[in-house]
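One chain comes next, on its own, written as structure tokens: the form predicted alone.
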Amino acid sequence: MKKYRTRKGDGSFIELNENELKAELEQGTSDAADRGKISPLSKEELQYLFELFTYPSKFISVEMGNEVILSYDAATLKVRRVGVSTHRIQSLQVYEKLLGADMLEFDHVDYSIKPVKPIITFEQPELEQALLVTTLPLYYGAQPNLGLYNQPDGPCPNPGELYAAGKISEAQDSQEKAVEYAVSDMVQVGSEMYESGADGINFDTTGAAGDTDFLATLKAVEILRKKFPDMCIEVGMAGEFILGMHGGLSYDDVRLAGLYPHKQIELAQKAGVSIFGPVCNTKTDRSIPWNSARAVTYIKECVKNSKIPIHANMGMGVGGLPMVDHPPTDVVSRASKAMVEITRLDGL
């Protein structure tokens, strides 16, 4: 039986025969359906994925007319990550004029709200300079990163240490206080960068510190939406479900811990988010066909529940792509095409 070359979630090559490939696709969508309590992909969609992963060309793309918006988080950092020494503004020009980006994002190397706050007066004039030499919409991006509000880096007692000592209520109180600090900082940074000319704000990697992280972001978005009705606010998630680091937090009477993308989007819309970036995490010991079928299943349901644009996170370790710094084009192109043409989202 003929074998087809693909990859595992760690990026290494593997070969699957026809039956093995079909089984991987079916198991991937079933895993997402079971965990998220959503519908699996249809037989027609699974056949589409089978044909996609057996197509002989190394690179494959969407059909003409199915193109979507391409947006990037931490764009000014990623050119330097590959060893090319460029200024942040030059990096934005590379994304715009060479890489075909549709949206740009200006950010600081720390890429977190808390460390950006004290240097905001240095970020503002550089953003203004970037606006003068670029044409595309230019956002300012940073993570909520609630972990930075814990000692020794922040003012709040470390909840991890308190939990370990059996001080549950004290740990939860500390996390709730961190939410207050983070909301204040997110509103300040978002307001000042927007007033300096940013076309929008991106709170990226939301939920990295669990339900406290997600709650702080929703509250900050709510305040910014009232303050700036026309502001574009993008929220990109950190994981496929919200970790219950606190466990008892709610927004709009909905418990946050355990929410999957199709439920996250409902709260994001209520808070006032303009663009939502859902995530599906990659399992490194499973094949990319398995991971891609799983990711598409989650995002399809998220798109179904959404009234705002969806830009799925696809990169190192998310969206059905390998857990490597620079995902190879053979699987990037297949996972991207599947995401676009099955889920009918708005961007990547």
Partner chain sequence: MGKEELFKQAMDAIISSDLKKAEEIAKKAIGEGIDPMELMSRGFRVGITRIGDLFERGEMFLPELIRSAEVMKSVSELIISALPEESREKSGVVLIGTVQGDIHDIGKILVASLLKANGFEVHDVGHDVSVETFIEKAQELNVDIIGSSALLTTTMKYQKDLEGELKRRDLRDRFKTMVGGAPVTQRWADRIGADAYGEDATDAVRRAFELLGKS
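Positions refer to the first chain, counted from 1. No experiment lies behind these values; they were computed from the predicted model shown.
Note that the form predicted together with its partner chain isn't included here; everything after this is about it.
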Exercise. Where does its partner chain sit in the predicted bound form: which of 99 to 107, 223 to 231, 254 to 262, 272 to 280, heavy atoms within 4.5 Å?
Worked result: 254 to 262
For this session: Using the partner position in the predicted bound form, report whether residue 23 sits within 4.5 Å of its partner chain, counting heavy atoms only.
Result: no
For this session: State yes or no: in the predicted bound form, is some non-hydrogen atom of residue 114 no more than 4.5 angstroms from a non-hydrogen atom of its partner chain?
Result: no
For this session: Verify the contact flag for residue 18: yes if a non-hydrogen atom of it lies within 4.5 Å of a non-hydrogen atom of its partner chain in the predicted bound form, no if not.
Result: no
For this session: Give a yes/no on whether residue 194 approaches its partner chain to within 4.5 Å in the predicted bound form, heavy atoms considered.
Result: no
Problem set entry | Listed residue (166, 118, 155, 125) with a non-hydrogen atom within 4.5 angstroms of its partner chain in the predicted bound form | 166
Problem set entry | its partner chain in the predicted bound form reached by all of 138, 199 and 328, non-hydrogen atom within 4.5 Å | no
Exercise. Using a 4.5 Å cut-off on heavy atoms, what residues in 5 to 33 are near its partner chain in the predicted bound form?
Worked result: 10, 12
